[in-house]
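The chain below stands alone and is given in structure tokens; this is the form predicted on its own.
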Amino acid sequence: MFYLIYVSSAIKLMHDDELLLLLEKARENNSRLGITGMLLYKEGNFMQMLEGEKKTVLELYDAIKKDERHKDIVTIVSGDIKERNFENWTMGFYDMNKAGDFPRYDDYIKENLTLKSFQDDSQFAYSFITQFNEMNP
């Protein structure tokens, strides 16, 4: 099993209906491809973790990088894992705009929209996104 975490910035802020459409399409594609994961959104920024067979994850990531709805795509960390973190979701989703504060994450957003600082602490990025396993509705 392989995972990859990346961040990106939307070309424009996305409304709820746009996010819902994006999520529905991701779930459909991921189900077909055998990929699971989590997508976080806040103030025009995305953080996503993809899990599955390495070749499939990397092919999907290549397609994601070509999506013109976002820019500044930065790979944070990738590697092998023993088991999926999000085995029950083809794509979990958490809109962080509608939740409480996430101080360290918020600091990264204010500091650098590409969230490059996550690359300097990839373990934090991994533990941050996997915490949503229990919070996702």
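In this text, residue numbers run from 1 along the sequence as written. This is a predicted model, so every value here is computed, not measured.
Note that the form predicted together with a small molecule isn't included here; everything after this is about it.
Colleague: Is there a heavy atom of Lys12 lying 4.5 Å or less from a heavy atom of the small molecule in the predicted bound form?
Modeller: No, Lys12 is distant from the partner.
Colleague: Decide whether Arg84 counts as a contact residue for the small molecule in the predicted bound form under a heavy atom distance cut-off of 4.5 Å.
Modeller: Contact with the small molecule, no.
Colleague: Can you tell me if Tyr6 lies within 4.5 angstroms of the small molecule in the predicted bound form, counting non-hydrogen atoms only?
Modeller: Tyr6: contacts the small molecule in the predicted bound form.
Colleague: Though only this chain appears here, would Phe46 touch the small molecule in the predicted bound form if you measure heavy atom gaps against 4.5 Å?
Modeller: Flag for Phe46 set to yes.
Colleague: What is the one choice in Met96, Val74, Ile64, Val77 with a heavy atom within 4.5 Å of the small molecule in the predicted bound form?
Modeller: Checking each option against the small molecule in the predicted bound form, the one that comes within 4.5 Å is Ile64.
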